[in-house]
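Listed next as structure tokens is one chain, alone, in the form predicted alone.
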């Protein structure tokens, strides 16, 4: 399991699911940005890195499909699922940045989606389940899709645990079940809980997100131990109270599927 070759005929899917509620407008650590702004920047950078990993000479090969979903009072597609080729040639816009004293154009596919809304996390997972299921109909032999969920707080409506567990147990390709990774980000200077193999105590929120997370398949486990040597066998794809540096590492572990 989790051994299918990622190719143009059998692409992999990376689907992001973001909390867009009002609390995401709070400052995120020492970044000088809000949580929503930092998450948006990191997501755009991650999409760009995945595209770069698909370059062969002057050609971009469609090894991956990527999409971004968001939820607040309801759930919606912020970036519809599409191949990296389409993403590469059709960014939303370009911004300018300076790298080593040289001004460069940086592509963007996502704007900060934060809004003054509640946190209907269940609606987000329900939409994610639908999107993953529809994608698998056309890609049943592919590497299982990866769902990367980022939130900074507790749901304000229905508990999403049951829906997330439906994804974990029932959404799969011939190569294995979908991989669900959950990361809770915090603006507070608190200890980060990273990739635990067990969690016997904690708040309802902590325990629920843990239960909603996949046991890391071998390729993800190996990448996690490169960055966090303390990670034990059986670790879940889960972080709580993650700081900016941890969010960046989490995205790297979740999106670096080739090489």
Partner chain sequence: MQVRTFQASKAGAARHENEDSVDLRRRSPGELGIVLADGASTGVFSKGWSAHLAATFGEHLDCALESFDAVLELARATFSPDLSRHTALRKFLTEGSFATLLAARVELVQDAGRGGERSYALTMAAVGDACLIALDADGSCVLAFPCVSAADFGNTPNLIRSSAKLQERTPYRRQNARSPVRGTCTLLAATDAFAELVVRKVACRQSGELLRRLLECEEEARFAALVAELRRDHGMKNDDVSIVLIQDGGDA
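The structure displayed is predicted, hence computed values, not measured ones. Residue numbers count along the first chain shown, from 1.
FYI, the form predicted together with the partner chain isn't displayed, but the following is about it.
When contacts are judged by a 4.5 Å heavy atom cut-off, residue 102 counts as touching the partner chain in the predicted bound form. The closest heavy atom approach of residue 56 to the partner chain in the predicted bound form falls within 4.5 Å.
Among heavy atoms of residue 107, some come within 4.5 Å of the partner chain in the predicted bound form. Using a 4.5 Å cutoff between non-hydrogen atoms, residue 216 does not count as a contact of the partner chain in the predicted bound form.
For the residues 88, 127, 163, 171, the 4.5 Å heavy atom test against the partner chain in the predicted bound form is passed only by 88. Think of it this way: in the predicted bound form, the partner chain has a heavy atom of just one of 199, 33, 60, 193 within 4.5 Å, and the residue is 60.
Judged against the partner chain in the predicted bound form with a 4.5 angstroms heavy atom cut-off, the residues 26, 28 and 115 are out of contact without exception.
Note that among 47 to 55, 227 to 235, 33 to 41, 201 to 209, the stretch whose heavy atoms approach the partner chain to within 4.5 Å in the predicted bound form is 47 to 55. Contact annotation for 1 to 29: a single residue, 8, has a non-hydrogen atom within 4.5 angstroms of the partner chain in the predicted bound form.
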